[in-house]
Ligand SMILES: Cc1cc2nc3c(=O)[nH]c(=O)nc-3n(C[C@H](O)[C@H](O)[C@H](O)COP(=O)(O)OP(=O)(O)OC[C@H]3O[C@@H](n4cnc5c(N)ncnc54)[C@H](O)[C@@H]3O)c2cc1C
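Here we start with a single chain on its own, the form predicted on its own, put down as structure tokens.
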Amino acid sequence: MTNSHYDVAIIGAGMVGSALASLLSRSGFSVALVEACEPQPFDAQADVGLRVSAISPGSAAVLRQAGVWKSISTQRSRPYRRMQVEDGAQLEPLLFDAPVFNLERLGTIIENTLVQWSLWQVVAAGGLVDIYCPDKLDGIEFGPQQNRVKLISGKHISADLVVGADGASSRVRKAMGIRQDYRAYNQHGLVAVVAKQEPNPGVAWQRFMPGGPLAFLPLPDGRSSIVWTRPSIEAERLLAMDSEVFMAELDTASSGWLGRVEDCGPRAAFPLSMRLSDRYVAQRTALVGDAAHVVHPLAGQGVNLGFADTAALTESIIRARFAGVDIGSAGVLQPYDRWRRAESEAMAFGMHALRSLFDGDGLLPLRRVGMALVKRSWVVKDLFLQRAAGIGGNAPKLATGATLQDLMQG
């Protein structure tokens, strides 16, 4: 370790925390990164992992500035240029094609382990970030000029700004005394890698049904990563099934899209919830990613919201540094709080409303009207895609093509 005082101390080196560490260190800030355990190396020879993310074009732009996109996108990734959304009530599907909206792609399916390992390699090998690993946060002493961070190893570091990137159960958020609204959906997302008769042609396919949607996300080898949202008891039943029985149920649910299911790997399930923090900042401390917000995975926006947080916070403190303003001051952090809370809450409540709209047959007439409106309106489709792609009107500059150099030059 080269010093014990930093411009920024980041607690948590998952995908979001590591991306922020890379962005800030490349912008000339001194950065400490605290993580409990080093991530497992990505093994390209192993089978595809169960947890994947649909990385939006905006997030890809942020990861490019973090120095990892080229490495990630040339390894095991699959871009998709079409999204097909179907209703279990047999309404005509909604189709979104990237070229129609002047997009090169709608997103890229990448394993979480590949993203995290690539970011870890960048921050560990560059020599610009001091990494405290294995270590954990023990407590924060908040001060008017700097915050003092105590680690369970007994080490102490100080920083002008502390950032909590330590997940949904964030110790940083708890130390800040920030309350969260929490909603448990009594649903689980069942994940698996499956092969159908026909290879997935690069389409993100989603079918809405009572109890939750079923999504097929394209993988590089023609298989699909599925996320099947089911009531928790039903998910347990599906997990306990014999593989052949499970594949038969999946055949029925996917209604013949790409033919029958021919193979299915291991299955797992995780609980779904919504968590929204009252504030994202307090006392020289800010939250990013799941530490600040957790949304329903209906549109795959969770990690994309986190990458947008990192881009917004980076933009905010670069602007402050070049204006000669204290990067941990309320004048810098409060605008970040308003900016990102508005975006995250809009996405969270939008996903909640969409989930409610498709959960059950009683709202079928309303669904029919809504889907018809979207089909007929290019403007509505475009607004939806711009937001889903992370490049809408309120997106951070790094998500829309600006470079770190652009930000540092004002």
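The numbering used is simple: start at 1 and walk along the sequence shown. The shown structure was predicted, so the numbers you read here are calculated from the model rather than taken from an experiment.
There is another form of this protein, the form predicted in complex with the named molecule, and it is not shown here; the text below is about that form.
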Problem - Within 4.5 Å of the named molecule in the model of the complex, all of 37, 112 and 191 (non-hydrogen atom) - result: yes
Practice task
Look at the stretches 164 to 172, 192 to 200, 246 to 254, 333 to 341 and give the one with heavy atoms within 4.5 Å of the named molecule in the model of the complex.
Solution key: 164 to 172
Practice task
Mark residue 118 yes when one of its heavy atoms lies within 4.5 Å of a heavy atom of the named molecule in the model of the complex, and no otherwise.
Solution key: no
Problem - residue 302, heavy atom within 4.5 angstroms of the named molecule in the model of the complex - result: yes
Handout entry: Partner proximity in the model of the complex: residue 213 to the named molecule, non-hydrogen atom cutoff 4.5 Å
Key = no
Practice task
Give a yes/no on whether residue 52 approaches the named molecule to within 4.5 Å in the model of the complex, heavy atoms considered.
Solution key: yes
Fill in the blank from the handout: Among 313, 149, 287, 227, just one has a heavy atom within 4.5 Å of the named molecule in the model of the complex, namely 227
Fill in the blank from the handout: Within 132 to 159, the residues having any heavy atom within 4.5 Å of the named molecule in the model of the complex are 135, 136, 137
